[in-house]
Ligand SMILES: NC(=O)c1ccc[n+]([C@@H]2O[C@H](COP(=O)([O-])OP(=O)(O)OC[C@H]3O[C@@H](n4cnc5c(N)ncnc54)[C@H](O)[C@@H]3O)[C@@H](O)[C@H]2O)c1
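Quick setup: one chain, the form predicted on its own, written in structure tokens, and binding and motion questions come after.
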Amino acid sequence: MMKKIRVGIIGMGYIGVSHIEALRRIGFVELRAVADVNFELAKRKAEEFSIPYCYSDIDQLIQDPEIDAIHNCTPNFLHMEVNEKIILAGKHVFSEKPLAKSSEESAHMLQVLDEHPDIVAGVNFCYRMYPLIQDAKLRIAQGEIGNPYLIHGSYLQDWLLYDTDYNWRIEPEYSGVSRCVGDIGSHWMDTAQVLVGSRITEVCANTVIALPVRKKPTTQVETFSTNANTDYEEKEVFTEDYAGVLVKFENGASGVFQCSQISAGRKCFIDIEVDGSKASLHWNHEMGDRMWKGNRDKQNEQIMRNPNLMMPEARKYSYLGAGHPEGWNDAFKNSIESFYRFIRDGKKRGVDQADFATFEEGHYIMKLTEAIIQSGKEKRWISVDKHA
């Protein structure tokens, strides 16, 4: 019997629990330990999910000789430090996005990785792992919609609509130079690049701080929760609430997307459309088991996720029969399982093709994010070196 890959998770906030639930669904992986600076929180989660070991010191988890791979679910400002420690300890690393606070930090991670070629490193851009996104990617690559002309869409939320809404992501010293683009626009850009198999190389953006002052509560508030605290301090805001971005792709396609954290009623609204010379494909996250195909000279089509009819390479990411909805938890699990399949099968970073997002791709998204913020300030097109 094959030995299971033993895993630890650092960070037991909102997203850390999602990693726990996804890992428990992967049969050849064993979740051994969790850690958090808030030891009481980590202990509660360890007890709730029957995880054998719990650490208050992340270095103890990283140095645990029984752990093969570690998930970094800490806030952005800790990503570089924690990821580097994991790599230097000889462990595989799966990091939450964005990969770092800056492209300088993410470039440093790549340098560290280059010195440890056997380490597999992934970033959790999970929307690319929806079965129909994988199916659409293959359809486009095989020429079903012709030459892609346009890619457009959005990622909209409302959880920071009020001036009393607050989160650590608002503060640049924790999130980095960008909030809305870095947090959710990055997901849209990753998905777009995967769909058309081409990188965004130029951007022109309008970035907006709609709420220049926010009320920061005096007690901690969990991500996506409602703040009922009446004690607060006023804080000037330096990160964007909204961005509208024109983009150009290396393959000659053009596009536009917008991302917002202040769109009332939109909880996690993502849509993306690729318009080609023969047909169009459109996907909406809120109806992730459906995909629309637009035709010029015949009736449009509504495509249902059906493993029996999907492109063969996409079928491995669909587990339920048609009509049984698969959603975000499933795409999240697909992202993580793809990472562990890569490790299990003895594949090598830089040699074998990965379906999950790599650190190299995460670094490029950091460069795009910074280019968008720069463009918003300078009101002009910014080119991004696709080889950087």
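It should be emphasised that the depicted structure is a prediction, and the values quoted were computed from it without experimental measurement. Don't overthink the numbering: it's just position in the shown sequence, from 1.
Not on display, but discussed next: the form predicted in complex with the ligand.
Participant: Which of these residues, 336, 67, 58, 54, gets a heavy atom within 4.5 Å of the ligand in the predicted complex?
Facilitator: Exactly one listed residue reaches within 4.5 Å, namely 58.
Participant: Identify, from the list 275, 289, 190, 183, the residue with a heavy atom within 4.5 Å of the ligand in the predicted complex.
Facilitator: Looking at 275, 289, 190, 183 one by one, just 183 meets the 4.5 Å heavy-atom criterion.
Participant: Quick one: does residue 124 come within 4.5 Å of the ligand in the predicted complex, counting heavy atoms only?
Facilitator: Taking the distances in the predicted complex, the answer for residue 124 is yes, it comes within 4.5 Å of the ligand.
Participant: Can you check whether residue 78 is within 4.5 Å of the ligand in the predicted complex, heavy atom basis?
Facilitator: Yes, residue 78 is a contact residue.
Participant: Using a 4.5 angstroms cut-off on non-hydrogen atoms, would residue 216 count as touching the ligand in the predicted complex?
Facilitator: No, residue 216 stays farther than 4.5 Å from the ligand in the predicted complex.
Participant: When the contact criterion is heavy atoms within 4.5 Å, does residue 169 count as touching the ligand in the predicted complex?
Facilitator: Result yes; residue 169 sits at the interface with the ligand in the predicted complex.
Participant: Of the listed stretches (325-333, 46-54, 357-365, 23-31), which one has a non-hydrogen atom within 4.5 Å of the ligand in the predicted complex?
Facilitator: Result of the contact check: 325-333.
Participant: Going by heavy atoms, what in 132-153 lies within 4.5 angstroms of the ligand in the predicted complex?
Facilitator: The stretch 132-153, when checked against the ligand in the predicted complex, contributes no residue at the 4.5 Å heavy-atom cut-off.
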